[in-house]
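Next up: a single chain in structure tokens, the form predicted alone.
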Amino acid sequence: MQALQMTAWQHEAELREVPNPEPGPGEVLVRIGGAGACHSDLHLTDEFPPGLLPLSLPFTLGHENAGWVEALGPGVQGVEVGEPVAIYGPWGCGRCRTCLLGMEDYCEHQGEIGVMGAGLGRDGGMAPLMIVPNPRHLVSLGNLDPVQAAPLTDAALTPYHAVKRSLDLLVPGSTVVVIGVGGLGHMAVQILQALCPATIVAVDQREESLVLAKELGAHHVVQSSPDAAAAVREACGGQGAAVVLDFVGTDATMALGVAVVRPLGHLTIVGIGGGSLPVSFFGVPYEASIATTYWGTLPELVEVLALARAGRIEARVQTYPLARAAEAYADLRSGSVRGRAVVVP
């Protein structure tokens, strides 16, 4: 079969012929229905130097995956052949405290394992078939379409986790700012609409993304510009935002976040745009908390899929066949993807 593989650091992924995988003891073989193309893959392939991450090459890309159980390895119980499933992407040791809480994204032994998950050291879903090392990483899809569901495993799960950690601040009369309405940001707007009564302000430099944000429920949209902070604060009633979610992570977006968050508010940096934020006593509002987050938990993925089944959230997708997977990433580089790019092997 063909697979889109990362073969070298700071080098574009390549479509290669690889053997069909067979599940070993405890493993599950999944036929992939959809694999999301994530902007973080571009950081992985284009920017990160050798040695930055504890990953060995080559491996198949694709950490947002959904499909159908194709075959079971010896000893596997709890899933059935033909069952539609979403794949929880971060794979930890399964035994440490955080893993036992369903937080494999924060596994205490990640550095020792040598893989970070599907498409991150182990073969992911940019291929017709994929090995999942343990059935605990599978969540039943019910009636959800795997093509639509694949982005929910990251593009929705990651902002869901970021929103949940600050949900107590998002009370009636509060404001939340979403910076960057791309693959994750367009899901964040919907999640905020579903979970809280706060006023939602969306910021992006692309007019089409701001139009999408309004379609999805943002109450105000602001074009990224030198005057964006003033416009956002005006939309916040002059009080600043209770929560700022930065899905870009550049110097400029972090500076905007500090400029608009209120005292006691939360600035959560989700995007890995390579920026940095100087912090000093007078440099941020009093008692404003600044945090980074990574992915989300397995119980949160169950909740995300329940929201999707209830029709409360839906990924906007552009689909590509596997033969054009490189084009999906090229469109990500150019910023022309509206919503999420999904490869359909």
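Given the structure is predicted, the values throughout are model-derived calculations rather than measurements. All residue numbers are counted from 1 along the displayed sequence.
A second form of this protein, the form predicted in complex with ligand NAD, is not displayed here; the remarks below concern that form.
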Segment assignment from 91-99, 127-135, 167-175, 202-210: heavy atom within 4.5 Å of ligand NAD in the predicted bound form: 202-210
Is it true that 45, 65 and 119 each have at least one non-hydrogen atom within 4.5 Å of ligand NAD in the predicted bound form? no
Using a 4.5 Å heavy atom cut-off, state whether residue 286 contacts ligand NAD in the predicted bound form. no
Exercise: residue 29 in contact with ligand NAD in the predicted bound form, heavy atom 4.5 Å: no
Close approach of residue 224 to ligand NAD in the predicted bound form, 4.5 Å, heavy atom: yes
I'd like to check something about residue 273: if you look in the predicted bound form, is any of its heavy atoms closer than or equal to 4.5 Å to a heavy atom of ligand NAD? yes
Interface check vs ligand NAD in the predicted bound form: of 216, 248, 103, 267, the one with a heavy atom inside 4.5 Å is 248
Of the options 301, 315, 38, 69, which one has a non-hydrogen atom that comes within 4.5 Å of ligand NAD in the predicted bound form? 38
Residues of stretch 126-162 in contact with ligand NAD in the predicted bound form (4.5 Å, non-hydrogen atom): 154, 158
